[in-house]
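Coming up is one lone chain in structure tokens, specifically the form predicted alone.
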């Protein structure tokens, strides 16, 4: 039992260190955005509606993952809520790609002729976030498969707890980025 507690504590500490690194990465990107915007030659445009849909997906997926964690703590199956979270996460991914398509339709490009630093920052930062979310989708898929195979119980749910911490963090990060882009 003591080895299990040490493993749990170490796993959570490593996750928080990783989250701290991600926070620093995005702090650097959003700081660069602010500095570059102050230099001028900045194209103003509205965020695509698809990014709002992404935000709704983030909130919904956090709710389903919260229910998964509550279920396993009550020794009930978490699988259906994990599958729902996975589906909503894939919908988030789809909505991000659709948002980029909308930006292109508005004449906002990543690079090349007609591009502007404001658009380039939106693409780079949202893509960086999406890559971190894809890492979460991979971990969530593994956790879902383990749940389906009954690897978790009310006494052993570290995997669900770790993905919950990471997923909620990635969700909060998107909320920050969405509000940052919308109001800066």
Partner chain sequence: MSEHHKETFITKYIFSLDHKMIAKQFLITGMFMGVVGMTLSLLFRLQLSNPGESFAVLEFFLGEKWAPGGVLDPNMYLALVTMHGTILVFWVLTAGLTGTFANFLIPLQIGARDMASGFMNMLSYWFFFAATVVLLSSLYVETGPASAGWTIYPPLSALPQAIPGSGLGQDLWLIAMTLFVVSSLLGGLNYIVTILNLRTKGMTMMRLPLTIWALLIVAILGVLSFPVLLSCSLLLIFDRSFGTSFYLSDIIIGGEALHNTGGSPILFEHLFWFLGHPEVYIILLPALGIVSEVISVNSRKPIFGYKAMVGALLVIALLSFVVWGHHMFLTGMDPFLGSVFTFTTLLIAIPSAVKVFNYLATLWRANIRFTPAMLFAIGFVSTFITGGLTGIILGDSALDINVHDTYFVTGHFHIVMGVSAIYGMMAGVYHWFPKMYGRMMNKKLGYFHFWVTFISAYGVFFPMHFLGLAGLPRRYYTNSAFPMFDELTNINEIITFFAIIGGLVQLLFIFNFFYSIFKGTKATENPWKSNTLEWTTPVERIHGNWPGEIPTVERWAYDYSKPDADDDFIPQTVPLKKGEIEH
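Just so it is clear, the structure is predicted and the values come from calculations on it, not from any experiment. Positions refer to the first chain, counted from 1.
Below: the form predicted together with the partner chain, not depicted.
Novice: Residue 172 near the partner chain in the predicted complex, any heavy atom under 4.5 Å?
Specialist: No - in the predicted complex, heavy atoms of residue 172 and the partner chain never come within 4.5 Å of each other.
Novice: Could you confirm whether residue 150 comes within 4.5 Å of the partner chain in the predicted complex, counting heavy atoms only?
Specialist: Heavy-atom contact with the partner chain at 4.5 Å: absent for residue 150.
Novice: Considering non-hydrogen atoms and a 4.5 Å limit, does the partner chain approach residue 117 in the predicted complex?
Specialist: Yes - in the predicted complex, heavy atoms of residue 117 and the partner chain come within 4.5 Å of each other.
Novice: Can residue 176 be called a contact residue for the partner chain in the predicted complex at 4.5 Å between heavy atoms?
Specialist: Judged by the heavy-atom cut-off of 4.5 Å, residue 176 is well away from the partner chain in the predicted complex.
Novice: So the partner chain isn't shown here. In the predicted complex, which residue out of 29, 56, 49, 142 has a non-hydrogen atom within 4.5 Å of it?
Specialist: The option sitting close enough to the partner is 29.
Novice: Quick one: from 158, 63, 127, 134, grab the residue that has a heavy atom within 4.5 Å of the partner chain in the predicted complex.
Specialist: Checked against the cut-off, the match is 127.
Novice: Can you tell me which of 64-72, 150-158, 31-39, 134-142 lies within 4.5 Å of the partner chain in the predicted complex, counting heavy atoms only?
Specialist: Every other range fails; the passing one is 31-39.
Novice: 44, 80 and 83: each with a heavy atom within 4.5 Å of the partner chain in the predicted complex?
Specialist: No, the whole trio is out of contact, none within 4.5 Å by any heavy atom.
Novice: Can you name the residues of 79-104 that have a non-hydrogen atom within 4.5 angstroms of the partner chain in the predicted complex?
Specialist: Stretch hits: zero.
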